[in-house]
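Here we start with a single chain on its own, the form predicted alone, put down as structure tokens.
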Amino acid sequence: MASLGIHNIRKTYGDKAKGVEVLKGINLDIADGEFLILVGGSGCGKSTLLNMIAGLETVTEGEITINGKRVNELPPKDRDIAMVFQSYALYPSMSVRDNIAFGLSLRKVPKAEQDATIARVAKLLQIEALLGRKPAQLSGGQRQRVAMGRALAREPQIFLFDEPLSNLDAKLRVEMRSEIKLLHKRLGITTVYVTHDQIEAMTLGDKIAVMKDGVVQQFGAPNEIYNHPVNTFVAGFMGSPPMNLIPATMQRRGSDFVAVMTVGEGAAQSVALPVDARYTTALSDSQSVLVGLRPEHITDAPRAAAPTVASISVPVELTEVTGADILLTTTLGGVRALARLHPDSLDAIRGHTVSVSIDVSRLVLFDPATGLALTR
């Protein structure tokens, strides 16, 4: 196992002065045994960063360290890492056994030791019955297990995963996500995992780095990023459904502030939500803000168990029954907003109004001009 340091990493394709800069000063420190998620949309630079850690891409500027040792100039084979690819990258003509043993054979590991390693890895991943098969005879989930087994056989200091579940169907993704989580819990190997799926990011990672346009927007624990996003990009990217971002105007009432927003499309009515005192020094009267509220913090009264709750009636424009809950679409502040209701909320019918409770203690305020959170 190993710690991983990523210090002021930059990557430019083409001429340094006129080329395309895809990574713009990345700084991350991952402790020994931590599970780091690199998450972001297509083209944000997450796979490029993973390839630089692996040694498959050169570093334009900055330093990558493993256990405090600079590895910028080390070839991939000398970095003691193992990588699992999106495409599995199995050798089609080889059996599962030979695929797992391939790296061991290249390193001239004795045959008896190879057999012991293969048996251990196969048992860990529950693929003992597959060792004689070829990749074409395996399902997607089985192929992914074999790819993980090949990586495990090397006993690396660091695991690198490049969107390993994106080719699987939804049910299998959930199952394999659990397998990867359990595997990390058993082995405790430092892991860097690239995904565009924020559900994978939230459920797998000890730490998450949310990336956009080659810049880390926020780096922290999943709960911190989910509950305290530093800007509107993170608020809108993390969470399914994402955080509602509702235009409102601040009004001073004595020493406190309230966020005033319209309700419904006609804007004939409005609601004033009390704002936590931690925002006071960042606010002024009549200031425009974006109020960030997760759908689960706009809910029906039976599920609201917050210390500070505001109750309002909202028009029902659309309902989506998921089984576990009902997603209700309404209009707040002139924009579409989602609420998450109890599945037994029979009043949530299109064309009606429904009473919802807003957990105002969970409000996050953003500056609409910069997109930055007004305070943390």
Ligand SMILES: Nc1ncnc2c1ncn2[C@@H]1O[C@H](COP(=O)(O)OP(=O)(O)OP(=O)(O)O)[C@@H](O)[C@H]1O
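Please read these numbers as outputs of a predicted model, since none were measured by experiment. One-based numbering along the sequence shown. Only the largest set of C-alpha atoms that superpose within 1.5 Å between the two forms is called the rigid core.
There is another form of this protein, the form predicted together with the ligand, and it is not shown here; the text below is about that form.
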Quiz item: So which of 41, 351, 343, 68 gets a non-hydrogen atom within 4.5 Å of the ligand in the predicted complex?
Solution: 41
Exercise. Identify which of 227, 86, 95, 231 has a heavy atom within 4.5 Å of the ligand in the predicted complex; exactly one of them does.
Key: 86
Exercise. Consider residue 333 of the chain shown here, and say whether it contacts the ligand in the predicted complex, taking contact as heavy atoms within 4.5 Å.
Key: no
Quiz item: Is the gap between residue 55 and the ligand in the predicted complex 4.5 Å or less for some heavy atom pair?
Solution: no
Quiz item: Could you tell me if residue 300 has a non-hydrogen atom within 4.5 Å of the ligand in the predicted complex?
Solution: no
Quiz item: Quick one: is residue 163 in contact with the ligand in the predicted complex, heavy atoms, 4.5 Å cut-off?
Solution: yes
Practice problem: Choose one stretch from 316 to 324, 27 to 35, 58 to 66, 44 to 52: the one whose residues place a heavy atom within 4.5 angstroms of the ligand in the predicted complex. | Solution: 44 to 52
Quiz item: Looking at the ligand in the predicted complex, which residues in 191 to 205 have at least one heavy atom within 4.5 Å of it?
Solution: 196
Exercise. Determine, after fitting the two forms on their core, whether residue 86 shows a C-alpha shift of 2 Å or more between the shown form and the other one.
Key: yes
Quiz prompt | CA of residue 213, rigid core aligned, shift of 2 Å or more between the shown form and the other one | solution = no
